[in-house]
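One chain is shown next in structure tokens, namely the form predicted alone.
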Amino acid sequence: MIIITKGVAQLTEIKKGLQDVIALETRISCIDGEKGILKYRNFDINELVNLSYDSVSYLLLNGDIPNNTELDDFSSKLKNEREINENLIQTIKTCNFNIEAMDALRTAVSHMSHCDLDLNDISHDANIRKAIKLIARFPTIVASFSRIKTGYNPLSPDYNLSHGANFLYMLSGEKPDELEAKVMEKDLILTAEHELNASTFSSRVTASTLSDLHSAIISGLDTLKGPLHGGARMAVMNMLDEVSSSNDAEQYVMDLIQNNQKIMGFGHRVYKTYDPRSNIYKDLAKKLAENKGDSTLYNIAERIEDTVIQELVEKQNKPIYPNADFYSGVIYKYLGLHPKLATSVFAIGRVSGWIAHCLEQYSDNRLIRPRARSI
């Protein structure tokens, strides 16, 4: 807690990890961790997940759900900026292909900034122009990196496909079926925004220095990469590979608990009950399993969840429920995504939220500069 006395800040309590510290006010999203509620711009996530990603991006950037004319215009602008030029493709080719796609994405965003005429213009209009390019090109960059890494040429975007469906097409060269396209679109919506998480906070800190939007987004990318944040999805996918069947899942969890090891995809700093996104992800994972006629992976995940709930929630009264990373990791495996793509796919969805927060920061800025107590 910080108490202001005659203009002097007195540090009276240190909250490790800034837990529960209110750092700023925002209109972009709202979380009720006790009730398991998540809202973007005051719209519940259970409603928003039925929209298109373009609609939700527009909502985050502009404050309201677009009407048909506004959506058509916004979607058209995004589609017209999906293509990346040969210079950027060459930059991606210079990346070390043993790295995560996140590292290549970060490098590509730096390259984009060098070529942007609006680079150092942080006016609202300039930032909206940059926002369109960033949101539109993130999927193309990640898909291009994946294809180059696996020995294929990058594909041009398909302008007739939605944001999520086009990404899956650019990865594989095949148009996804209706369910796969729907699931990818919903995944991007579910990851688009989540209040003042670590990557969003780092983006706002950078924006508060009046640095450019690309730099702020790179700050978000660097922070998201960590295994305690966006990198958890890759960890979940790797964890699922270690369990051969649902019969082995219970013992796997018990071993982790007995060795006091973290179970990836469970627990959240804010939610004390089910993460509302997790329920949606679980339903989508089940539908994908049924659609593919193979529920092995889903059954493993469900047994892991059941064991965690039984051992930690029911027996130890700890609020360790599945978070958004757990069943999203299941979904990514059903969609055939490589684990090294997982965090960058998270970023494809989250970039709209980062940008919305940066725009809000720029609009009423004060340098974010907390204090530390000397010990």
Ligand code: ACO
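Each residue number is its position in the shown sequence, starting from 1. Here the structure is a predicted model, which is why all the values come from computation and not from measurement.
Although not depicted, the form predicted in complex with the named molecule is the subject of the following passage.
Colleague: Would you classify residue 149 as touching the named molecule in the predicted bound form, given a 4.5 Å non-hydrogen atom cut-off?
Modeller: The answer is no: residue 149 has no heavy atom within 4.5 Å of the named molecule.
Colleague: Spell out, yes or no, whether the shortest heavy atom distance between residue 111 and the named molecule in the predicted bound form is within 4.5 Å.
Modeller: Judged by the heavy-atom cut-off of 4.5 Å, residue 111 is well away from the named molecule in the predicted bound form.
Colleague: Does the 4.5 Å heavy atom contact test between residue 164 and the named molecule in the predicted bound form come out positive?
Modeller: No, residue 164 sits far enough from the named molecule in the predicted bound form that none of its heavy atoms falls within 4.5 Å.
Colleague: Verify the contact flag for residue 188: yes if a non-hydrogen atom of it lies within 4.5 Å of a non-hydrogen atom of the named molecule in the predicted bound form, no if not.
Modeller: No - in the predicted bound form, heavy atoms of residue 188 and the named molecule never come within 4.5 Å of each other.
Colleague: Each of 230, 261 and 264 within 4.5 Å of the named molecule in the predicted bound form, by any heavy atom, yes or no?
Modeller: Result yes, every residue of the spot touches the named molecule.
Colleague: Note which of 282, 268, 79, 303 lies within 4.5 Å of the named molecule in the predicted bound form, where distance is taken over heavy atoms; exactly one does.
Modeller: The residue in contact is 268.
Colleague: Within 4.5 Å, heavy atoms only, which of 312, 31, 51, 335 is in contact with the named molecule in the predicted bound form?
Modeller: So the residue touching the named molecule in the predicted bound form, by this definition, is 312.
Colleague: Exactly one stretch in 318 to 326, 66 to 74, 32 to 40, 335 to 343 has heavy atoms within 4.5 Å of the named molecule in the predicted bound form; which is it?
Modeller: Stretch 318 to 326 is the one.
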